[in-house]
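Just the one chain here, laid out as structure tokens, in the form predicted on its own.
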């Protein structure tokens, strides 16, 4: 009887878990299937789940008749530049907060966390006027700076928590053997902190790739719009919504993040777990 009850509990748990997974994945599956349907099947009543005729026309139109590739380039530049800047500053800052003793160190660390808790929406107008005054209005550089302001505090706190778990003796042993502080940092600390660095980089890249509000306010030209605002302005208007192209664009926007997440998932889990339990 005990074995039967254990089997029943496992069966119920698996059924519940798969139900949750299907509910979460269903919008993505529907998006993919809709992007493969001809225009005539989009508004059928009752709607069909699978396309009666598979077509890639929407993807071809998206790539040849719209500035989608320009938006894709802009988002790639934004995500890459923001991630590099945040990782470089956060890695050096986290090392400083965990390895050097100076007045106000703990206050500074907590102030960084409180900065992250501040709603990013309250910084839109100050950042907008600042970018206009320094001549960076309507540029990709303004978005990189804006994204860095709210990605850096969390990245710094996460890497600080991760580096706090690296024993001081490793760095001290390298310096006793003749390595400089920078050499010990590069050869000893960075390899140990690599999972945290990768998970932080993923967090920053996803944040920069998906951000909408700042991109909507700070840029208004097709030449510098990222995917989030570019696709919406191109395919969603007051009079019409290009559902077929919108679904195709959504699929193509999701593929890079899914690809990166699948291959680096274990680093993301390890890095977030370290940031949650240490500090």
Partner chain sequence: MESSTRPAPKDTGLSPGTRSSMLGLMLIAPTVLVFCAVIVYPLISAIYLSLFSIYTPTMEGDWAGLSNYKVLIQSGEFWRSFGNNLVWTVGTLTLQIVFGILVALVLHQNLWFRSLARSLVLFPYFLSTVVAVLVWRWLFNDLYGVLNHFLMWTRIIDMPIDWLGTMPNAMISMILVGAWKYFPFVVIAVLARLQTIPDELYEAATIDGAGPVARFRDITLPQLREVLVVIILLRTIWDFKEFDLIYLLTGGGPVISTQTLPLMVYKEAFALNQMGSASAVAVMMMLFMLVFMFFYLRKAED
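Please read all numbers here as calculations on a predicted model, not as lab measurements. So that the term is clear: the rigid core is the largest set of C-alpha atoms that superpose within 1.5 Å between two forms. Positions refer to the first chain, counted from 1.
One more form of this protein, predicted in complex with its partner chain, exists but is not displayed; see below.
- The partner is absent here, but in the predicted bound form a heavy atom of 89, alone among 89, 194, 72, 164, sits within 4.5 Å of its partner chain.
- The closest non-hydrogen atom of residue 28 lies within 4.5 Å of its partner chain in the predicted bound form.
- At a distance threshold of 4.5 angstroms between non-hydrogen atoms, residue 198 is out of contact with its partner chain in the predicted bound form.
- Within this chain, residue 158 is remote from the site of its partner chain in the predicted bound form, having no heavy atom within 4.5 Å.
- The closest non-hydrogen atom of residue 63 lies beyond 4.5 Å of its partner chain in the predicted bound form.
- No member of the trio 5, 79 and 84 reaches its partner chain in the predicted bound form with any non-hydrogen atom inside 4.5 Å.
- The partner is not shown here, but in the predicted bound form the stretch 175-190 reaches within 4.5 angstroms of its partner chain through a heavy atom at 178, 181, 182.
- Positional change of residue 259 between this form and the one not shown stays under 2 Å at the C-alpha, relative to the superposed core.
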